[in-house]
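Here you get one chain, nothing else, as structure tokens; it is the form predicted on its own.
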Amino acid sequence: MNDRNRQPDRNRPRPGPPGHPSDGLTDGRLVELHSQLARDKDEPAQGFSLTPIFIVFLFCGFGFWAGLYLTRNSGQFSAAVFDLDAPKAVADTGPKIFEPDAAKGEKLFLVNCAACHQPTGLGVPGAFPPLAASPWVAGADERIIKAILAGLAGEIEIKGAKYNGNMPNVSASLKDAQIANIATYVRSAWGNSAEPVMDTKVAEIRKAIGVRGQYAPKELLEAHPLETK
């Protein structure tokens, strides 16, 4: 068959005018393809990309752990830590020997006793007896320990003056060492000069009297008379 009788191929793209794409893609189609490529792949940017937040937290966490580990295990960066012949500190885990502390006793007194007996130890006339230069405070420590442990109720006479207050029981809220420190402070303040009180003595008396009501002044004086000079 010669070319003269050949039928034209309708599927073949027709040649367009000069400058027109010859592959059948129109300008609109090219713009659409370019936009799709731009969406599928980000344009390259200058500089460094941001570090993922997970990596940042992981790095910060590792730095915190490293600092904590060095703090606990560096031995304060002392060379003696790595010296096998250096003397080692021995932890003191044994029982502590009680030492009466009047300074601690003063703080406890101000919180538990000063509202009635006053910070000056002078008490309140007619109600709460003074502790300053008081014969009830001096002498045998059993008297003041029992008064603190169980309380005191009824009329009491000190140096010719009478008082009729009510001393509550504070033993439930105070430990033996705390009561010993209070008694030690009272027996050494405001002109008093008596021996300090030990916590073992407080524990001994607490066990002996058990749970009981307030003492009457007469009852305490019968068991522990006031010392006369």
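Note that the structure is predicted; figures quoted are calculated from it, not measured. Note that residue numbering begins at 1 and tracks the sequence as displayed.
The next section is about a form of this same protein that is not shown, the form predicted together with heme C (HEC).
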**Report entry** Interface membership of Pro100, heme C (HEC) in the predicted bound form, 4.5 Å heavy atom rule
**Finding:** no
Report task. Consider Ile144 of the chain shown here, and say whether it contacts heme C (HEC) in the predicted bound form, taking contact as heavy atoms within 4.5 Å. Result -> yes
Query - Contact label in the predicted bound form: Val137 to heme C (HEC), heavy atom within 4.5 Å - result: yes
Query raised in the report: Do Asn164 and heme C (HEC) share at least one heavy atom pair within 4.5 Å in the predicted bound form?
Result: yes
Query raised in the report: Does each of His117, Leu131 and Ala153 have at least one heavy atom within 4.5 Å of heme C (HEC) in the predicted bound form?
Result: yes
Query raised in the report: Taking the partner as it appears in the predicted bound form, which of 26-34, 181-189, 58-66, 198-206 has residues with heavy atoms within 4.5 Å of heme C (HEC)?
Result: 181-189
